[in-house]
Every structure is written in structure tokens, then in C-alpha cells.
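Single chain ahead, by itself, as C-alpha cells, in the form predicted on its own.
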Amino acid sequence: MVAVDLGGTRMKCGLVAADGAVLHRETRPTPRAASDERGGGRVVLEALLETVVELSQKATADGHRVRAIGVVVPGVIDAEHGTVGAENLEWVATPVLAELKAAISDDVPIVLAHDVRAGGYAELRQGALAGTTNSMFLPLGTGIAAAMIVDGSLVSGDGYAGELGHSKFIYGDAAELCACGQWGCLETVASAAALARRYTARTGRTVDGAREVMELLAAGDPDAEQVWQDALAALVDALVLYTTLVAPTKIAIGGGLVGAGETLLQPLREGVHARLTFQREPEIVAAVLGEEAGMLGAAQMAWDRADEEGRA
């Protein structure tokens, strides 16, 4: 099984067996869409197509038969038409599925899915959410989106579901303009990118991403502490809202910020516990599959498709 998780800066790729064993893994850079003189994100799409073709060829050369291909991407996916809109890739209704089918000469099933939903599917099948029927996977990285498992099903909402990061939780003068065009989104205060940006705005000092903000927090820097507390408050608001609406039994936090460990998880548990009254309280844990969650989810979705079509 060929699996590719296309991110804004990197592609996590693998050849994955039916039992989930990764037979080959590699990481490739995602080219910058803005550098493409041929129009928008065409260079990104061509890099994706090249990667899928080369991995398929490698699988064959290594003596494996490609049963299906799983590709997961950020953005909004139109499942009916196989098109993707992703601002950071400069894709607008880009016919990704049709291009993938054209690039693969063999009649191989191709699954195109959302990267976070794929990560949530992997955590559900073999990770922190295994055994749950109502849960959520919430990676906190450059952006924020959620994979929603409700009554045993992964919710896609025709490609639109799970954009918790673009729910408004900040009001008044504290609200910042989000890339989506709305003011006060969760992503503007609680994403990894937001931590670094907001620290620089407060202090005038440029930092090396959220990692350095967390180092400053550990060293007792008051500005880092304020930025962190703002992020935690917004995340608690988001988790309480989600819990009230969907009643998950478990929430798995992933993405780069989960590297903060209990510095992140314990305040979230305490904040949610203090706010709930009648609601069922979820267990809040760290996701376990790390950066490979999306790629593993892509592979599992592709194996599911192969099973459906009798190709396993």
C-alpha cells in the first residue's frame, strides 16, 4: 500500500503492509507553492504525483503488489468531485483525485482524504482512541483541526467537518484576524504558529517557533507565560464546547504542542473539569502515533478500500 501525507512543508510517505507494518518510510520536502511560475500550486501537485508514482514503482521493484493508494491532504475536500481547496498549497478546487488517477496507469483504487481525519482514523484503529466510539483527535500544530468520531463513525461533513480551529473564541480588542478571514479564531491564539507570533508581538523579540516559547516558559519568562495562558484558556473553551455538543469519552491531543506533555495536558484536564456541570467528562490524553499518524491513516483507509473492492 502506497501512503502519502502531504503537508505544507513536508510529505510523509510510506509503503505499508496489511498488518500495519511500515515496509518503507521517507520524508520529502513540499515545494513552496508561491515559487511556482506556472500558476498557483501546480508545482505542489506535480511533486505529489511524482512521489506517488515513484513509491508505486519502488513497491513493484521490491516485489510488492500495490493494492491501493492513500493520499491525505490539508484543506477542504469535495469528496464527490475529488477536488481540494487548500490556501497554504494555493489549491482552489484543484482536481487532485483526477490528476492522481491520470498519473497511475494501472487500475488501482485511490483514496483521497483529509490529513487530520486520517490521523484520527489511525489513532482510532491502533492508537490512543482505540476502543472508543465517541472521541476526538485534536492535533495542535501550525493550524488546528479536529477528527471527530461520533457513534463509531468518522465524521467528514462532505469534507467540511472538524474545523474547530476556525471557531471564534476570542472577542473584542484581543481578537486577531485569522487566515480564514474571521476574527478571533482558536487558531489565532492556540496553534503552534500563534504562540511564536504572539510572543514576538508582545516583546518585539523574534523566536524560533513554539519550541523556543516553551523553553522560555520553562525558564519563567512572564511574556511566554501570558501567551501560554491565553492559549490554554481558549483551548479549554473549545474542549468544553465540543464536549457539550458531542460528548466524547476521550480526547487525544496531538501535533507539535503535545510535546509539552503535562504542561499542556494537566491544565486542560483541570480547566475542562472545573467548567463541566452535567456533561460527561472526557479523558484527555496524548496521541501516540506522532508525525506518522496521517500517513498510517492514509494506508489504513486505502486498505479498507482494497478490502471493499476485493483487492486485498
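What you see is a predicted model, and the numbers here were worked out from it, not measured in a lab. Numbers for residues come from their place in the sequence shown, where the first is 1.
A second form of this protein, the form predicted in complex with a further copy of the same chain, is not displayed here; the remarks below concern that form.
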Counting non-hydrogen atoms within 4.5 angstroms of a further copy of the same chain in the model of the complex, say which of 240, 216, 196, 110 makes the cut. 240
Of 27, 60, 244, 266, which one comes within 4.5 Å of a further copy of the same chain in the model of the complex, counting heavy atoms only? 244
Counting only non-hydrogen atoms, the one stretch of 222-230, 101-109, 149-157, 203-211 within 4.5 angstroms of a further copy of the same chain in the model of the complex is 149-157
Residue 74 versus a further copy of the same chain, in the model of the complex: is there a non-hydrogen atom within 4.5 Å? no
For residue 161, is any heavy atom within 4.5 Å of a further copy of the same chain in the model of the complex, or not? yes
Can you tell me if residue 64 lies within 4.5 angstroms of a further copy of the same chain in the model of the complex, counting non-hydrogen atoms only? no
Should residue 125 be counted as a contact of a further copy of the same chain in the model of the complex, where contact means heavy atoms within 4.5 Å? no
Enumerate the residues of 178-211 that have a non-hydrogen atom within 4.5 Å of a further copy of the same chain in the model of the complex, in sequence order, or give none. 180, 181, 182
